[in-house]
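The chain below stands alone and is given in structure tokens; this is the form predicted on its own.
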């Protein structure tokens, strides 16, 4: 453990695992909710674009001041939340060098959008004029406030749609790309670890049987391994994913079924080198059963190798899941890095210049795979000190 703590891959996996566990708790909205305009840029990019913001006006805080330094927002909406009744109050907007403009009455259940014709008519605008450009025509100080009137317990939420939002912007549906990215960590870890674990269990069982029993059992199993290794993996995975379903667990099961062959060969070669050892012959002479020998003596000898093999097998499962998701063969309701790349490609993120939808998931797949490879390399060197001496 002391040597493992010095590897960058170990700490990278710790950070990613914590982020996967926290998941949606790191963000105010659910990953599937629309939070801003489609293809909004990250908040740190495009300083000339207004950020998406929400202003909440209440009886205790009846005004909000905006130092507006941007172009007009792309959209505007108002809604009244909570009990309000008929207060007789109005939402007013004070623009630079202009008298106050009443936007909407404060009454329970009221909601308005800048695209609504009724809202435009209340402002004295023609149906095809942009209400946002009319309300925020220039840079300067704007004040949103509630007119005087009876107190009320609710609040008025004024939402301004801008061209920037969040750490990684938004996708084609206006969803927070950072929330989608963090949610994708969980899917990649679940598929990678579950598929690698099942493949290791299956490969270990068949490798033990082939190495210890030998004869026709060994011949049949190894010819099966040769046959499966000769089959192109991607077309088979595509066909099985289409037939069995696109669920997360079905995908992990399909990947494990076609990932156990390398483990079986590794375990078989190790058992072949141990089954004729003197202490194994002594156990047979004492009348020990084959099950006892495999369970108590041969299987523990494979644990270090199996741990390294399983860790090194996780990146392959992650890449396979990402490839199938990119091809559209995963559950569209499951958010994964491969699905993010698929939707970004399908909806023209590259043509729109939305690189923030392409680089983060691709980088995340690469970093996660490299982290598992780094940890697996350390475990492999621990299991076989000759590898460590060869490196030095």
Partner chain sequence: MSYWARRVSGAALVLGMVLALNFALFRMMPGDPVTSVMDPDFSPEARERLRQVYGLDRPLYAQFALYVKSTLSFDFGVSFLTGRPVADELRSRVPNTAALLGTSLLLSASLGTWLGMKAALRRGSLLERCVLWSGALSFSFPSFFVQLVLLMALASALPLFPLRGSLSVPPPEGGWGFALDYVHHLALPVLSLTLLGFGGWAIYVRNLAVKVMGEDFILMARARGLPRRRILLGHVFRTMLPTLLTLLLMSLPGVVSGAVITETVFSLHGVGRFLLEAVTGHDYPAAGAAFFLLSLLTVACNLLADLLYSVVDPRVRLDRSAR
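All values derive from a computational prediction rather than experimental measurement. Positions refer to the first chain, counted from 1.
The same protein also exists as the form predicted together with its partner chain; that form is not shown, yet it is the one meant from here on.
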Report task. Name the residue from 362, 38, 31, 46 that puts a heavy atom within 4.5 Å of its partner chain in the predicted complex. Result -> 362
Query raised in the report: So in the predicted complex, does residue 322 come within 4.5 Å of its partner chain, heavy atom to heavy atom?
Result: yes
Query raised in the report: Counting only non-hydrogen atoms and a 4.5 angstroms cut-off, does residue 201 reach its partner chain in the predicted complex?
Result: no
Report task. Although its partner chain is absent from this view, report whether residue 335 comes within 4.5 Å of it in the predicted complex, heavy atoms only. Result -> no
Requested in this report: Determine whether any heavy atom of residue 370 comes within 4.5 Å of a heavy atom of its partner chain in the predicted complex, and answer yes or no.
Outcome: yes
Report task. Choose from 322-330, 23-31, 52-60, 38-46 the stretch whose residues reach within 4.5 Å of its partner chain in the predicted complex, heavy atoms counted. Result -> 322-330
Query - its partner chain in the predicted complex: contacted by all of 240, 355 and 358, heavy atom 4.5 Å - result: yes
Requested in this report: Determine the residues of 211-240 with a heavy atom within 4.5 Å of its partner chain in the predicted complex and present them in sequence order; the list may be empty.
Outcome: 227, 229, 230, 231, 232, 233, 234, 235, 236, 238, 239, 240
